[in-house]
Each structure stands twice: as C-alpha cells, then as structure tokens.
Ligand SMILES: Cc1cc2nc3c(=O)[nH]c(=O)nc-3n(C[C@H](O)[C@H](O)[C@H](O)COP(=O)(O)OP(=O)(O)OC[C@H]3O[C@@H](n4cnc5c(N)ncnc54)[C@H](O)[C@@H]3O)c2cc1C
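The chain below stands alone and is given in structure tokens; this is the form predicted on its own.
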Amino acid sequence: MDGNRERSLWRETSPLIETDADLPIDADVVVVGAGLAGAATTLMLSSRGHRVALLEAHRVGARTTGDSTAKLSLLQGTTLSAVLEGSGPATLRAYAQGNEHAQLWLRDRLHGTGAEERRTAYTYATGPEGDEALRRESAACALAGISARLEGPGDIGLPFPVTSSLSLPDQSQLHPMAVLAQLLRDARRHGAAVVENCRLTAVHDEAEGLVIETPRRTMRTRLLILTTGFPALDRNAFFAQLTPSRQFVVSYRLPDGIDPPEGMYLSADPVTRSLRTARGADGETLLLVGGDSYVPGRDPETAERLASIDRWTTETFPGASRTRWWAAQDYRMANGRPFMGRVAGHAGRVLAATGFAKWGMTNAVAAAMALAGHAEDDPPAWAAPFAELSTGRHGAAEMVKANASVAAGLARGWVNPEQSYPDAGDGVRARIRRRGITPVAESQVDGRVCAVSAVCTHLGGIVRWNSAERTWDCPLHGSRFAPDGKVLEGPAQRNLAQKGRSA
C-alpha cells in the first residue's frame, strides 16, 4: 500500500529501467539508495573498475528523486545566501564549485537523451521581504562567482507583476526518471548490479571489510555508501541535525490561449511557489507548480495546503485544470550545507550523503563526486567542508531550535495522543485512540481497515494523520508510514506494530 494517492508525472512517464534479480555474494562497494546520488555514485565507481552493487528498499527513484521538481540549476532560490550566513565565503565558493562540476558531469551524460531541457532560471519576489532576500542572494552569487542578474520590477514571463528578480540563463530542467534510466544503463554496462526491493537491515564489521544484511542474503563488501535521503545507519546522530521538509507538486493542463511560462521560477517570498513545464504522457506541455513546504507530521491539515496550490494556480492561470499531484521530501542540515563524507564507526568504511535542501539535482551529483573520491582516498578539493559535521554558531542555534521543537512535539504527542480526523468525504477515516498504554492509529482507506501502533519506530514520537497523502507521519524527524504501518521513508527502519483490526 503506497502512501501517495498519485504517482509523480516522472514515474508515470518513466522509461523502462532494467535491474537485476539476484544480489551478488560480495562487492567492492555497496551503495544503498537508488536515487540520483546513488545512481551517479554507482556509475562513477563502476566505470573506474570497482565491483558495485546498488540496493534499493523500494523501486528505483521511488522517493525524492522520482518526486522532485528536478531543476539542475546553479541559481537556487536563497540557498547561497544561507550557506554564506551559516558557513562563510570559503564554504560558499566550495559549494558553488561542487555544483558547477556536478552540472557539467550530468549534462555530459545526458547529451542527446532528451532528459534535459535548457531554460533560464529565475528567483523572483513580489514584496519587500522577498526583495531583501534577493539582494542578499545576489551578493552571495557574486561571492560564489555565479553571474546571476538582479533586476527590479519587470516582465520575466509570469502573468503577474514581480518587484524584483534574479536570473541565470542556460540552466536545465530534467526528467529525473529518464536521468536515472540513463545513468543506471551505463552503470550496468560497466558491471554494476542494481537490485530493487532489497532493504539494508544491519551492518557488521569483520577484519577486512563489512558484512551487509538484507532480507535476501548476507553479503560482504569493502565499503558501504549510504545515499538514502536520511542515512539508513545513523551513527552520527543525523536525526539531531537534519530537519525534514515536504512539499506538494501539482501538474496542470492550461486552456487554449494561455501559454505556460518559458523559464524555471522560484519565489523568495514567505510563501514560496515553484514553476516549470514538463511533458505529459501524450506529449502535451503541462505546468508544474509546487512550494509552501512544511515539516511532516506538524501540519494539522495537509489537504488544505494542497488545495491552496490549486487556488493560487487557477487564480493565476484561469482555466488551469489539475492532472495529478504528488509530494517530495528532503532534509536540511542545521549548518545549512550538505554532508558528504565518512560516518562514525566501522573503521571509516561507511560513507553517507544527506542534507541537499531541495537542490538534489546538483547536490546529489556533487555528493557522488565527493563520495567516489573518498572511496578512493582522493576526494576533490572543494569537498572538504562537506565532510565535516561541525555546526558553527549559526548551525548550533538552528539545531537547538529544531530539537526544542522535536522535544515539545514528543511531549505533546504522549500527553494528548488521542486525535480524531474529519471524514474526507470519500470513505476515508482516521483516528488515534488509547488501548491500554499504547496509542493505536486506526484508519479506513479504500475499504481497508487497519490498526497499528501510533508510536514511531525511530524515537517514539506519536504519528499524525496526513489527510492529503493518507499516511501516518511522525512530527519528530519526518518518518512516514502507510496506513498498514509499512515504513515509507525517513529515519525509521521498522514498520509500525500491528494492533489488529480497529473497532
């Protein structure tokens, strides 16, 4: 039972991605997580002669990559100014350099595949708060060596006035599943194994490497690389440093006479909006709209958040009709920069990447470059700041703030776990009620009645109902579960315990 009511446009129009039925007995490197970071890492290392096995707990591209807005851009909203504020100019320049190398590497491999379209990227504002954010971002771009152009009010191809904008030509919008298909086709040609529905369950040290446990078999490897959104092994207590963020993405068909905007757009206003075009299953041009992110499990009515995107789009593009919707989840490190390096323990044989903060098309490939370099003890020079977990003063303040919210959410959940959620009007019901000591999450979806423990299997938070996606989401660190308790994503590695049928 999948949590999303709709598959993303990318997964609906995905080319065939061939995988392997059998898990090898051993490999030089095991990569876990078949999103863009995992696929790129697998290709880089297999093309250099390493025997690589890529393991995916679900399907290739089943989570963040396959649900992304998929912009391969060096203009990244207000990200550069956030990196500058949190880590300083040297790290900012390293971040930009890594992203530039990543963009070039991926474009080289996508040439002629049809998976990439060049566009001008815009970050825009519609009011004073956004204008100030753009001024800071423009200064950060200049320090980073990115030649974005800052302008005042003017026409940037949107059907409403903007008060200022940053623009950067020759950026890319991608079909992320087509990207994965191309990279994994090349990796398998170099001898890599790609195995779906194979979850990492445990890792043990031995004299010359690691023992990897999965439901299929035990295998041995010299090195383990974790490229899941949230690291599948959390020896570095990433849960205390990562803040999850989730947003809806909606595709629309525009009526005759209304042309979609030609660029890629992201607002710098308090309520963000992301826009780009994409091809539907029949080749028609669709408008994609996303934004207004939230922390999973902390929004009391996610269906209303989805409805607000509909209202904004139909007001902005009269006659627009929704064709499908989906959602994507990502994570941000407290220090504002991604992590790409070795994790604690296991004699340095485990590497991980996380914290791409919604810019995974560039950061995932940059992480693959860094991880492949670390695997061969020769990481790129620009990667050094991203192998460190130090938070700095700004990051420490962010981590304290985030963990205070987590602690408060944990306490509230246990003090008052019982919740009753409004009937969605289509036979969907959900509630949390006590059965003895343990709160039980009960749901009825599409005629199926389920009752599972309401206690998240990560750190014991009380899950909350996601009315739009019909999932149980933990407000602590973003773990998400299907109505039947199956873990979907986040730091949780175990399903919610079954509690029989609800009454």
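A quick note: this is a predicted structure, and the numbers were derived from the prediction, not measured. We number the residues from 1 along the sequence you see.
If you look for the form predicted together with this ligand, you will not find it shown, but the lines that follow are about it.
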Query raised in the report: Heavy atoms within 4.5 Å of this ligand in the predicted bound form: which of the stretches 372-380, 243-251, 125-133, 77-85 has them?
Result: 243-251
Query raised in the report: At the 4.5 Å heavy atom threshold, is R51 in contact with this ligand in the predicted bound form?
Result: no
Query raised in the report: How about R470: is it within 4.5 Å of this ligand in the predicted bound form, going by heavy atoms?
Result: no
Query raised in the report: Does K71 reach this ligand in the predicted bound form, with heavy atoms at most 4.5 Å apart?
Result: yes
Query raised in the report: Can any non-hydrogen atom of G98 be found within 4.5 angstroms of this ligand in the predicted bound form?
Result: no
Query raised in the report: Of A328, V194, I212, A140, which residue is found within 4.5 angstroms of this ligand in the predicted bound form when only non-hydrogen atoms are counted?
Result: A328
Query raised in the report: If you check T64, S46, N466, S443 against this ligand in the predicted bound form, which one has a heavy atom within 4.5 Å?
Result: T64
Query raised in the report: Within 85-104, which residues come within 4.5 Å of this ligand in the predicted bound form, counting heavy atoms only?
Result: none
